[in-house]
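The chain below stands alone and is given in C-alpha cells; this is the form predicted alone.
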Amino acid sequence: MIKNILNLGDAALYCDFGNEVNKDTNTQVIKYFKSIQNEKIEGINNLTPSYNKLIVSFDLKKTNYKNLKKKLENLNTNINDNFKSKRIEIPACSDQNFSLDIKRLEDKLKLSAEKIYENFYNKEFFCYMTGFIAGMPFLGDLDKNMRTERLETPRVKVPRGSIGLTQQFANIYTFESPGGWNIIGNTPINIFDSSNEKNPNLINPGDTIVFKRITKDQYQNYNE
C-alpha cells in the first residue's frame, strides 16, 4: 500500500510505497498505476512507475495537488481481468559475439560460463518497470549468486537487443545506447516499436519474462 503521497514540484506528486525493492512492493506500484489508467482521472497527463514509487504528473489548469491526492487516497484498486499480466518468451543468443561480458562474469561470480547460462535461461523474470531508454524493461530478480556490479568503465555503444545483468536485475537494450551492464546475449526481436502508438512496449510492468536460448544460425534467420 501507499506509505505517503508527496508533492513533487509544481505539477507532479509521487506515491511512496516504501524503501524495499521486491516483487510484492512493485506489484502494489503496478496495481495503482493500472488503476489510475483505468479511472482516467481528469488532469493527469503522465504516469511514471518505478521499483517502489509512482510519479503522477498533472495539468495545473485542470487539477491540483490537493484534489489529486484526495482522489488517489480513495482510489479503487480492485482492477479487473483486463489488467492481467502477460507471460512472454524472449529468444536470446549467447554466442561469443553477443555475450560480451561472459569472461568478466565468470571471474566476478566464480561460476563457469555454462553455469551462468543455465541459471539465466532457467529463470523466470518479473518486469518491475521500463525506462532509461524507451521501452527498456528492468527484470528481476536474479538469484544472489548471479548478482554483480556494473562495468567499471561503461561502453560508449551497447548494441540494440543486448541483454544485460547488474545487481538483481536483467534488462534488454531497446536501442543502441551507452551503458554499463554486463552483456550476456542478444535478442533478434523488437522490444520497442515506436510505430505502435497505442502500446509500443512489448514488455510492460507486471509481465513475466522467460528467455529461450537460440543458436547463432537461428538468430540470424529469425525474421526471415
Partner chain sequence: MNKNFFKILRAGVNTTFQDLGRDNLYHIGIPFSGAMDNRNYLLANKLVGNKTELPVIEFAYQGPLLEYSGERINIAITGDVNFIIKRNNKEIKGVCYQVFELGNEDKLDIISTNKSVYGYLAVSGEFDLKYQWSSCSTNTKANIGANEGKKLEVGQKMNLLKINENLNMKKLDYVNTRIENLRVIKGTNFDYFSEQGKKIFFEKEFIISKLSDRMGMRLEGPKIENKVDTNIKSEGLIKGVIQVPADGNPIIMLSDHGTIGGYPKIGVVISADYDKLVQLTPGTKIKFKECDLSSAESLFKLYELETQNLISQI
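In this text, all values refer to a predicted model and were calculated from it rather than measured experimentally. We call the rigid core whatever largest set of C-alpha positions still superposes within 1.5 Å between the two forms. Residue numbers count along the first chain shown, from 1.
Just so you know, the form predicted together with its partner chain exists too; it's not on screen, but the next bit is about it.
*Asks:* Would residue 10 count as touching its partner chain in the predicted complex under a 4.5 Å heavy atom rule?
*Replies:* The answer is yes: residue 10 has a heavy atom within 4.5 Å of its partner chain.
*Asks:* I'd like to check something about residue 164: if you look in the predicted complex, is any of its heavy atoms closer than or equal to 4.5 Å to a heavy atom of its partner chain?
*Replies:* No.
*Asks:* Check whether residue 93 has any heavy atom within 4.5 Å of a heavy atom of its partner chain in the predicted complex, and answer yes or no.
*Replies:* No, residue 93 sits far enough from its partner chain in the predicted complex that none of its heavy atoms falls within 4.5 Å.
*Asks:* Is residue 133 one of the residues lying within 4.5 Å of its partner chain in the predicted complex, judged by heavy atom distances?
*Replies:* Answer yes; at least one heavy atom of residue 133 falls within 4.5 Å of its partner chain in the predicted complex.
*Asks:* Hey, with its partner chain in the predicted complex, do 129, 177 and 194 all fall inside the 4.5 Å heavy atom range?
*Replies:* Every residue of the spot touches its partner chain in the predicted complex.
*Asks:* Among 190, 50, 27, 35, which has at least one heavy atom within 4.5 Å of its partner chain in the predicted complex?
*Replies:* For this set of options, the contacting one is 50.
*Asks:* For 52 to 71: residues with a non-hydrogen atom within 4.5 angstroms of its partner chain in the predicted complex?
*Replies:* The stretch 52 to 71, when checked against its partner chain in the predicted complex, contributes 52, 53, 55, 57, 60, 61, 64, 65 at the 4.5 Å heavy-atom cut-off.
*Asks:* After superposing the rigid core, is the C-alpha displacement of residue 60 2 Å or more between this form and the one not shown?
*Replies:* Indeed, residue 60 is displaced by 2 Å or more.
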